[in-house]
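Only one chain is shown below, in structure tokens, and it's the form predicted on its own.
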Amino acid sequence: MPERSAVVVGGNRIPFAKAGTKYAAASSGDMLTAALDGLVARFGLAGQQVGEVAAGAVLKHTRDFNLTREAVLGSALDPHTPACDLQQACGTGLETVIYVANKIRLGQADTGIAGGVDSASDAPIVVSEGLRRALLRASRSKTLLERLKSFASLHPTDLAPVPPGVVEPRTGLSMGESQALTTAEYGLTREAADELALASHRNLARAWDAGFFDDLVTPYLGVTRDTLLRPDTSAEALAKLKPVFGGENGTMTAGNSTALTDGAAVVLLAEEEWARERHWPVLARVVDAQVAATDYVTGNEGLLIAGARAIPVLLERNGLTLADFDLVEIHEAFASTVLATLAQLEADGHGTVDRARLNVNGSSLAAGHPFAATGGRIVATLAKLLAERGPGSRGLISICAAGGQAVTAILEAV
């Protein structure tokens, strides 16, 4: 079989919105379908079958056991289009891109759509273990008396719902609490974190104003721009915010940490020659990818710093250094996550990243972070940026994820 290349053709997302606001009544299925339909309209795919659609969500109701397939059926795509759900926490969106790209490279598909969605507004509410067991017993009961007996041992406290929470089961710490430990370990300053956050807002605002997202975003429920974006923020405004992680002397604030967000993003991929024959845009080739994990439970590594483990493997396999990349996208889970990753790469002898090449059109601190949607946003943005720079331009992506993991990839303009 001749060598096949998987390329990014384009992408689409809905504007990201702060949880509990504009999309509060929208489900993950609604948002993913909207993102898909925007992509379908942009590339004339209505009624057409693509090789496969892969997407996922981190916060997922039981009703969404087949979320992506249901979104496909609700979209304008041909219903013969197969779909699957993948999940790797915040790395989900990028992992789906890798999944689809690998299928294309292996000849198992000529086209595919990858992405993700999350709704922090519509997070599932869990019942207590006692109530759950009682409900299961009642569902198996054959008589009314048996059903009533199923609830006889319940305590009033069993009736209280369990609120949603994103904490690490092994440590009981939230991502923010975990990152606060890493922030202190690396001695990262509040000023450096705020500086990175300010750059994110300014860069994203500039990109919106320049029309960069006109062919990457479709309005949804009346929202036309990312609602977390603060184009008028300043270093002085960020400096006034109180710490939210790390205690009263902590450096992590609401301004340099990502907020809970709702949104969806998808990416269209195709085999390079197949795309050219159909006169589709060929923005960037998916060159390679690498995942890694840290031992944040029994080791000395931070929860969100696995990118510093994955990136060196990726560089060595491709004979590259950090200096060989025109653009670098490091997911801004927290400003200090980016800073710690850069510090560790430098400490391990892999060089530095020119800040003028880092997250040049803003990232999660300004756009928001609907967990599984972030990868699709970054891939579509980076592919377009690289295409604007011309053939041979390279981009590096690193997205940290819960469980001490990270997903990384290389894109190159063709």
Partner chain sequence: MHTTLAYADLPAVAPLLVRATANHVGRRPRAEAVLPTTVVRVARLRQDLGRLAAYNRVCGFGLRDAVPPTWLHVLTFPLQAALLAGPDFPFTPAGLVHTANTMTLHRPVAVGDHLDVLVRAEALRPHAKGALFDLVGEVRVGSELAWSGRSSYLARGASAPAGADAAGATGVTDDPAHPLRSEAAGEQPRTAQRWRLPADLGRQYAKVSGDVNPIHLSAATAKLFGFRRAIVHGMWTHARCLAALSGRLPETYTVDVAFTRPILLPGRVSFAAAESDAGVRFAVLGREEKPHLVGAVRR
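Rigid core here is just the name for the largest C-alpha set that superposes within 1.5 Å across the two forms. Quick caveat, the model's predicted, so the values are computed rather than measured. Numbering follows the first chain given and starts at 1.
Omitted from view is the form predicted together with its partner chain, to which the following refers.
Subject >> Partner contact for residue 320 in the predicted complex: its partner chain, 4.5 angstroms, heavy atom >> reply: It does not: once its partner chain is placed as it appears in the predicted complex, residue 320 has no heavy atom within 4.5 Å of it.
Original post:
Is residue 78 close enough to touch its partner chain in the predicted complex, meaning at least one heavy atom pair within 4.5 Å?
Top reply: No, no contact at 4.5 Å.
Subject >> its partner chain contact at residue 143 in the predicted complex, heavy atom, 4.5 Å >> reply: It does not: once its partner chain is placed as it appears in the predicted complex, residue 143 has no heavy atom within 4.5 Å of it.
Subject >> Any non-hydrogen atom of residue 324 within 4.5 angstroms of its partner chain in the predicted complex >> reply: Residue 324: no, not in contact with its partner chain in the predicted complex.
Original post:
In terms of non-hydrogen atoms within 4.5 angstroms, which of the given stretches 265-273, 296-304, 212-220, 281-289 touches its partner chain in the predicted complex?
Top reply: Selected range: 296-304.
Original post:
Tell me, which of 170, 147, 105, 206 has a heavy atom within 4.5 angstroms of its partner chain in the predicted complex?
Top reply: Of 170, 147, 105, 206, the residue with a heavy atom within 4.5 Å of its partner chain in the predicted complex is 170.
**OP:** Determine the residues of 178-192 with a heavy atom within 4.5 Å of its partner chain in the predicted complex and present them in sequence order; the list may be empty.
**Re:** Result: 181, 185.
**OP:** Determine whether the C-alpha of residue 125 shifts by 2 Å or more between the shown form and the other one once the rigid core is superposed.
**Re:** After core superposition, the C-alpha of residue 125 moves less than 2 Å between the shown form and the other one.
Original post:
After the core is matched up, is the C-alpha of residue 134 off by 2 Å or more between the shown form and the other one?
Top reply: It does shift by 2 Å or more.
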